[in-house]
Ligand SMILES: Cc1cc2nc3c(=O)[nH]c(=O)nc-3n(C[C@H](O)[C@H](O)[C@H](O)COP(=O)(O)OP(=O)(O)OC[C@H]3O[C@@H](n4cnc5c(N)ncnc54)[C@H](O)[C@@H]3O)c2cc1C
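Presented below, as structure tokens, is a lone chain in the form predicted alone.
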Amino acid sequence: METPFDIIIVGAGSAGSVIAARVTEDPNKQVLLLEAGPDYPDISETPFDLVNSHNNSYQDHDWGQAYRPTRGREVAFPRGRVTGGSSAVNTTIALRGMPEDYDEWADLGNSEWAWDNVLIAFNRLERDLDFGHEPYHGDAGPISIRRYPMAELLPQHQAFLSSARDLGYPDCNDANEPSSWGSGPHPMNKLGRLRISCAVGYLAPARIRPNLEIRANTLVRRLVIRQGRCIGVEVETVSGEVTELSARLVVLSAGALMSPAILLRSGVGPKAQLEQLGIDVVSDTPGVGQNLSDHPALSVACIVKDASIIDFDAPLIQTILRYTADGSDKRNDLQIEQISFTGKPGGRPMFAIAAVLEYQYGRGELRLENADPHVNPVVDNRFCEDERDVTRLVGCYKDALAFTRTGALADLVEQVTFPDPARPADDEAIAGFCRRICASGYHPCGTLKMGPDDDPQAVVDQFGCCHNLDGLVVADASIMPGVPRANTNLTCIMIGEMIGEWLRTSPTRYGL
């Protein structure tokens, strides 16, 4: 092994980049940040798919993952494989979720994650260019956030907001105001076309620190565990060389899919699964890979009358509607989004209206197909197996269909192509759609759930410390007890802020 580092961080994504930036503020901590994908230190040499915040990067910096949203289907699951992680390839939606989301986490035995506490981290991470003067916003953080003004909205998004008013929804100028709901512009971490990823906001200014080393194109195969303690990681370079690196503390921030996969390959997980795969059991930890939570979604597809409004180089998304399902006690548990374009360039001019379930009761699971670190895990979301999810998504889909019949947006629509107008569209038929073909909002989380040690499904405590191993912290979307009522971009960055600050200010808690 090389000379030990104080901290090795596995994964330079939305949380790992933040933690690297925060802990290296202490010049006495030697930190190694490992990333399986490439690194682009110079923004001028960064590939266009990472700069282009108008759309996701789907292939060039992707893990090639797949998931099974419902039984019998497998769908591509884009996840960022590059410094910045998924924050470097996503659509830059900067929603926080509801205060109740985090208070629910606290009620499960994670008191440090109550809304009043995480609000401090949300404020610290952002530079809100529209509402930075408000006490529930920040104005000096590394992640710049703004909303499209009306003059910058595409015609379909202007029409969407107009139809929302006609349908009785209130205007919402700031979807991150804690009590807000209704329709308005999305808060987004982008400046023009430039995506303000964690590689841009956090890593760029931290690179000059001599106590931070970033190693890209380095795959972590497994953790090195001796006598109940994680003492380092086994890594593989692109040339195939396998070595071990040691540290006083390992922080696992590889994301909700790869963090549990690394733990499973290291012998930490459900005993029966590990034995079936021929992996030596280090710790029988039943919760590893369980509790997978995400946002099921289903879209209405429309052919438009005026082909000139469909531009595949324009922003994919600009607006949002957040509201509460009839009879639900979960505020803003539904979301409808206008998607600027769909289909393929050169095909029929189309846009979509997405209905998204934001508060999910159902849970899926992640498991390994085999112990090969080059084989992606099997991801079963099991969407809409809980009838509470089906009922509310059906209602949301009907509400999305109402936009095609109301006001300015309806005036843009020549024909609804999905659902097929010739087929039944009653509640039972829509429920069938949901169970067969709903898809992910690309927000997986919960697979290494945090909670007290008397929770049999909890893998880490509220500070990210692994219950059954010393020397290991998990800090990414996998520790969320459930998906927040928001795209998870900002919540992952917030997790990095929370645990990064604890590592910096309370190192003895982590054995440093």
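Numbering starts at 1 and runs along the sequence shown. Computed from a predicted structure; not experimentally measured.
Not pictured, yet referred to below: the form predicted together with the ligand.
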Original post:
For residue 219, is any heavy atom within 4.5 Å of the ligand in the predicted complex, or not?
Top reply: yes
Original post:
So in the predicted complex, does any heavy atom of residue 459 sit within 4.5 Å of the ligand?
Top reply: no
**OP:** Could you confirm whether residue 442 comes within 4.5 Å of the ligand in the predicted complex, counting heavy atoms only?
**Re:** yes
Original post:
Taking heavy atoms and a 4.5 Å cut-off, does residue 34 contact the ligand in the predicted complex?
Top reply: yes
Subject >> Single option in 503, 21, 10, 494 placed near the ligand in the predicted complex, where near means a heavy atom within 4.5 Å >> reply: 10
Subject >> Per-stretch contact check against the ligand in the predicted complex, the hit in 392-400, 119-127, 136-144, 219-227 (non-hydrogen atom, 4.5 angstroms) >> reply: 219-227
**OP:** Given the ligand in the predicted complex, answer whether the residues 82, 85 and 262 all have a heavy atom inside 4.5 Å of it.
**Re:** yes
**OP:** Pull the contact list for 485-505: residues with a heavy atom within 4.5 Å of the ligand in the predicted complex, in sequence order.
**Re:** 487, 488, 489, 490, 492
